[in-house]
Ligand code: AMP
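One chain is shown next in structure tokens, namely the form predicted alone.
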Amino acid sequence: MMSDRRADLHIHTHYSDSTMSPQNVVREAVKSLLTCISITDHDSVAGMPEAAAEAAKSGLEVIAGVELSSEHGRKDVHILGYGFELKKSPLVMKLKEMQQARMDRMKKMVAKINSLGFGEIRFEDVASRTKSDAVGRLHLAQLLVEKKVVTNIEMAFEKYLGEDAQAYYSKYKQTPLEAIRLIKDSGGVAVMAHPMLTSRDEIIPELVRGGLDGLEVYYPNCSMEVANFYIKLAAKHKLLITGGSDAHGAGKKSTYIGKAYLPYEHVEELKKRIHA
């Protein structure tokens, strides 16, 4: 019998590209009657201690998480990591290098935007929008809207910041298989994030052979038909099922904490894999 316990295993904080603090994330999760969450900031685990401290007040379960950047043929493929070791693991050590690469990339994107004649966009103004060094394209998109270079964030990505757009540069050079190995070498479980958005289903068998543990099946604004497709694909490859809202606070208005959630039975399966 299925319980009514729910989890949201894909949430961002202001330590990457969300507007919410870890404390606010926890409070919103409690209001939404969630049992368990994972904060999965981009290439950063800086928000984990604050989230854990706040969650201890309510008993909300928090699973260590991260969303790693990687590329396959110039296509972004994000890999979620869960349950890894937070102290001196290969993953945590590598994150410092990834964040430096993010800053270097952003400086190139800002320089390119300025070369197109849109006035002076300062890297410092972009970087100030995150509490860590995990600066991302959404931060630059927000600034471009404020400077009236574009009218909305969607236009910023379409014209300048999206893959193959005028000011696009790749992030840290890492393949999905390398991201998976980094997570697993740190004692964690590796899950392909939002495969329905990534649109690279053809690489899933290769990732499974490389150690992929799961697929993110439940995702906001996706139909049950799409979810059922990935449920069947996960079953075919004997993969775990995960899901979450991909909430970014005001940074992504199409979703919010708990909008997409995972039945807790799947969290129990995830934890079994972590402990194994």
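All residue numbers are counted from 1 along the displayed sequence. What you see is a predicted model, and the numbers here were worked out from it, not measured in a lab.
Omitted from view is the form predicted together with the named molecule, to which the following refers.
Within 4.5 Å of some heavy atom of the named molecule in the predicted bound form lies at least one heavy atom of I153. Though the partner is left out of this view, L138 does reach within 4.5 Å of the named molecule in the predicted bound form, counting heavy atoms only. Contact check for F157: a non-hydrogen atom falls within 4.5 Å of the named molecule in the predicted bound form. Mapping the unseen interface onto this chain, K252 counts among the residues with a heavy atom inside 4.5 Å of the named molecule in the predicted bound form. Shown without its partner, this chain lists R105, K147, H72, K94 as candidates; in the predicted bound form, only R105 has a non-hydrogen atom within 4.5 angstroms of the named molecule. With the partner omitted from this view, the residue of D125, D201, D76, D185 that lies near the named molecule in the predicted bound form is D76 [heavy atom within 4.5 Å]. With respect to the named molecule in the predicted bound form, the three residues R181, D213 and R273 uniformly fall beyond 4.5 angstroms at the level of their nearest heavy atom. Picking from 129 to 137, 113 to 121, 185 to 193, 84 to 92 the stretch near the named molecule in the predicted bound form, with a 4.5 Å limit on heavy atoms, gives 129 to 137. Within 4.5 angstroms of the named molecule in the predicted bound form, the stretch 11 to 47 places a non-hydrogen atom from each of D17, H42, taken in sequence order.
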